[in-house]
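Read the single chain below, which is given as structure tokens and is the form predicted alone.
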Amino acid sequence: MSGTRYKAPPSVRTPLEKDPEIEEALIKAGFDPNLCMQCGTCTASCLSGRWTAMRTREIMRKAAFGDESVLSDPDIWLCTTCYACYDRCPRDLKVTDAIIVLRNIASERGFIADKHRKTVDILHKTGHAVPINDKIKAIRKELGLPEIPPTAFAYPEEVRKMAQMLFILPPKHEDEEDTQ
């Protein structure tokens, strides 16, 4: 096997079957689905796509059709937000920003990879994506630095306040497959 992943093409939906939130969010982000000509320049430009199965054009096609399966597609999380797709899009569509809004909608609906969910949990608890553990404290001390940096770690009360306002994820979507 070549390892190539084949996915079902998005189904064409009538305007009443489309997820209106997806199209509205894409347009707000600067990606008018009616202007995308599916040329594939975004896919050819994608740095992540060189190393993964991510195909930007496929993501944008699903989104343009209002196919809500794009929200559970693990590929939307592979975008590095380098903006190469946007820089090279002949229609000047903001593909990267559209993928970011797709991620936001996916998160709101409980479609988020377990690894991302764990990172959000750590942010919620510590204010940082990488917690300061004993090993890091020892390295900092060896370098002559305080064990705890003067960041959110030094202000646990502020982290608690921030945690009340940020990073509240809905429960995992029941149809979501573990993408780990």
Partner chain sequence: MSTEYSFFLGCIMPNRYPAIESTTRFVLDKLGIEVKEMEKAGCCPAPGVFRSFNKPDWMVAAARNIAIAESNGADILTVCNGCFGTLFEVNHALKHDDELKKKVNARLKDLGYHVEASGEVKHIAQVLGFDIGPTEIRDYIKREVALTGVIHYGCHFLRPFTLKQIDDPEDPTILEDYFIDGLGIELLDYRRKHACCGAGGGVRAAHIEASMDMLYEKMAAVKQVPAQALLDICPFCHLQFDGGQQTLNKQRGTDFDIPIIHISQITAFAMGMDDIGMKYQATAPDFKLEGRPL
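Positions refer to the first chain, counted from 1. Since we're looking at a predicted model, the values are computed, not measured. Basically, rigid core = biggest C-alpha set you can superpose within 1.5 Å across the two forms.
Quick note: we don't show the form predicted together with the partner chain, though the next part is all about it.
Using a 4.5 angstroms heavy atom cutoff to the partner chain in the model of the complex, none of E21, D32 and T41 count as contacting.
Contact annotation: I139 falls within 4.5 Å of the partner chain in the model of the complex, judged by heavy atom distances. When contacts are judged by a 4.5 Å heavy atom cut-off, R57 does not count as touching the partner chain in the model of the complex. The closest heavy atom approach of V120 to the partner chain in the model of the complex falls within 4.5 Å. The closest non-hydrogen atom of K125 lies beyond 4.5 Å of the partner chain in the model of the complex. Applying a 4.5 Å heavy atom cutoff to the partner chain in the model of the complex picks out I139, R140, E142, L143, L145, P149, P150, T151, A152, F153, Y155 from 138-155, in order along the sequence.
Taking the rigid core as fixed, one finds a CA shift for I27 smaller than 2 Å between the shown form and the other one. Positional change of H116 between the shown form and the other one stays under 2 Å at the C-alpha, relative to the superposed core. Put the two forms on the same core and the Cα of A44 is off by less than 2 Å between the shown form and the other one.
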